[in-house]
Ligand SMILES: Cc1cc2nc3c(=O)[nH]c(=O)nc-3n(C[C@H](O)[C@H](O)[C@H](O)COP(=O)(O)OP(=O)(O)OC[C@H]3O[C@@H](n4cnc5c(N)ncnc54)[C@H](O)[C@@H]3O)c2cc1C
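Shown here is one chain on its own, the form predicted alone, set out as structure tokens.
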């Protein structure tokens, strides 16, 4: 934590909110060398579980952030089961296995993850953290943002920043001051959340009891933990359901209450809201400040991590003078549609999990059960292909056309690679947090002039060649060469003799034949220029 006496008067980026999204963003800015201050009104990590699920995309972003795979404990979830008191089990979502090098779905203990993110910041001399401090007010002056902080000793401190990022949660004071509408709905029902630890082995998966009278999501978590979410009945009060004996009676169908150590009980109302815009002037919203997702698909924190992965490199490039500030408009353009799509999916899942009455519950459960008998529909449900892809329809990439082989505006697959020295690495780690011009089975610099190569290097770009397995050789042009050991990229993903410009967030920016590599470079750089 920064000493109050050494507080800066200017930073490139000020992040308000030191929760998971704010901490992840700050780590990425740390990797880019951006002078950043992150503040939070709480003195430390809240020692309570809140978010509990991460998908493979979120885990991939945490890999990009710099967290080791074992940085915090996780439980891989093999399946998600939907049970109905009217028709029995009517849905089973397969979440076993991996995508892009990570489990499809895990549960975790949020305080451990937050501690790991904060610990990772120690390595960055360009990062300062300040807790027990609250943002009082700010003024966007156009060329910078002036912020007033209330310090824990009762004094105030004025600081200016190039960009202000609101990671200050669902009740974001920054979003409110900006006058940005937070549209959507608040569910009328209260829910009781019970987090507990077992003296016996807990369940191994996630199950939803889809009962109109009292729906109950139930899931496992690391270190012998379990979570239950009980919807309250209209006549039940918050004070009543938080009584220990009431909670004991609720838990009895699932566990012996005497074998449980209750860690947290809380009453919530779920929300489905998204900000009308994710940025205004020099101020940006991330995480719950930008959107709140009902918990029925476990995507709340995942969405926040997608925000910071999209925003961090853009802020870094503009701050470093390597790109025009206009690229920052693509943050809202790329992130808001997908965040809204995830909220819409959660709403649909909510209708299955909490039917309005027994007749509706029986109807919806039977409908899903019968649809799963149809092979195309079964894969949509059982393999979760109904989940919206984090694929941009418009944004900072060259528009798709019939000549493209890679899916521009989508994330390139992560595969296991091997270099000349037989060292293995994940492709995301090889790509790093830079622009890459990748040649598939070909030297990507073959048709580039020195001027074009220099221009690519000037924005932090690199050159990389990925060969089919067994075709390893040394480069004469200082191009890193790796083999695709999985065959997922070559020839399945991209043909030999092809090149692609990959963004720092591992999104395909442009692609073409190697003979057109100069056009790939020039058009990609033009997107960054004024």
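Keep in mind it's a predicted model, so treat the numbers as computed, not measured. Positions refer to the first chain, counted from 1.
One more form of this protein, predicted in complex with the ligand, exists but is not displayed; see below.
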Picking from 399 to 407, 291 to 299, 155 to 163, 73 to 81, which part of the chain touches the ligand in the predicted complex when contact means heavy atoms within 4.5 Å? 291 to 299
Residue contact check: residue 60 to the ligand in the predicted complex, 4.5 Å heavy atom: no
Taking the ligand as it sits in the predicted complex, is residue 222 near enough to touch it, meaning that at least one heavy atom pair lies within 4.5 angstroms? no
Would you classify residue 133 as touching the ligand in the predicted complex, given a 4.5 Å non-hydrogen atom cut-off? yes
is_contact(residue 52, the ligand) in the predicted complex, heavy atom dist at most 4.5 Å: yes
State the residue from 331, 447, 208, 270 whose non-hydrogen atoms include one within 4.5 Å of the ligand in the predicted complex. 270
Looking at the ligand in the predicted complex, is some heavy atom of each of 18, 22 and 229 within 4.5 Å of it? yes
In sequence order, which positions of 167 to 186 have a non-hydrogen atom within 4.5 Å of the ligand in the predicted complex? 167, 168, 169
